[in-house]
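In structure tokens, one chain follows: the form predicted alone.
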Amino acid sequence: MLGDTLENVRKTVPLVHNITNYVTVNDVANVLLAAGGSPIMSDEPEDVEDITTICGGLNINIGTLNKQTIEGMFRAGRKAAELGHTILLDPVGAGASSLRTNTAVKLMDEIKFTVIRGNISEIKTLALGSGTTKGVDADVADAVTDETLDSAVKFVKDFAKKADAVVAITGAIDLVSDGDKCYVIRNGRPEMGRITGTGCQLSALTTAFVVANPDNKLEAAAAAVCTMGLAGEIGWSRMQDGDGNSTYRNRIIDAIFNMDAETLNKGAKYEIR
């Protein structure tokens, strides 16, 4: 059951190294703590190898790039790969600029990622841009809907197989696949899009879940996606008159803090294809 993966996070308290978007770094740290993990933030190239050595997982988020953080990402990624750690790539904005696209593609070329998490447009960019060939077929709509679901499931399976990674595409309908199976997840609220950083938080959360469940990476990643979406639902149900997006952010983190295996198992909305 998905809830077991959450319990494993709380039991093992995975230490996650985050090189992440500075717009949301505080929320990323707090969501890890809420889930039972432990965060470390470091992007200084001279520091990252030592820091990632003592961790169990590395979360690389390209949301706010500069030359220093890019060097830090590669140095940390190589060290984490050498140590066999869980490594997640969040290719924020890949396709929006040449720097973001080229950085994400080069990271994929040089580092073996355990998990890749992004929206459909970002993942399509990686599928078309990675390697020397066109890559997997990325002729899929830029929104996962019931009408486009079949082609989207095929796309994420093909890309996961090619990347040899668990791939999570998040949106109104979330898809999580290891190339063979695909979780189709329908948790969440549209209002989550009004908060900066729910995606960044999910990437950190997913890293922790996979670190804590090394023999069950696909289910762990799916459980993290369900946890975030369900927390969005629970948090929204507790909103009061006068509350806004700042309160909603806090209620989501609180919902993760208070979530247990039973709540996750009952509230997770998914099918496996």
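Fair warning: this is a prediction, and the values are worked out from it, not measured in the lab. In case it trips you up, residue 1 is the first one in the sequence shown, and so on.
The form predicted in complex with a further copy of the same chain is left out here; the points below concern that form.
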| item | value |
| --- | --- |
| 4.5 Å heavy atom contact, Lys106 and a further copy of the same chain in the predicted bound form | no |
| 4.5 angstroms heavy atom contact with a further copy of the same chain in the predicted bound form for Val25 | yes |
| Contact test in the predicted bound form: Ser42 vs a further copy of the same chain, heavy atoms, 4.5 Å | yes |
| Proximity of Ala261 to a further copy of the same chain in the predicted bound form, heavy atoms at 4.5 Å | no |
| Contact assignment for a further copy of the same chain in the predicted bound form, among Arg194, Lys112, Lys161, Lys181, heavy atom within 4.5 Å | Arg194 |
| Partner-facing stretch of 121-129, 186-194, 161-169, 147-155, counted where any non-hydrogen atom is within 4.5 angstroms of a further copy of the same chain in the predicted bound form | 186-194 |
| Candidate spot Ala34, Arg249 and Asp254, all three touching a further copy of the same chain in the predicted bound form (heavy atom, 4.5 Å) | yes |
| a further copy of the same chain in the predicted bound form - contacting residues of 50-64, heavy atom within 4.5 Å | Asp50, Ile51, Ile54, Gly63, Thr64 |
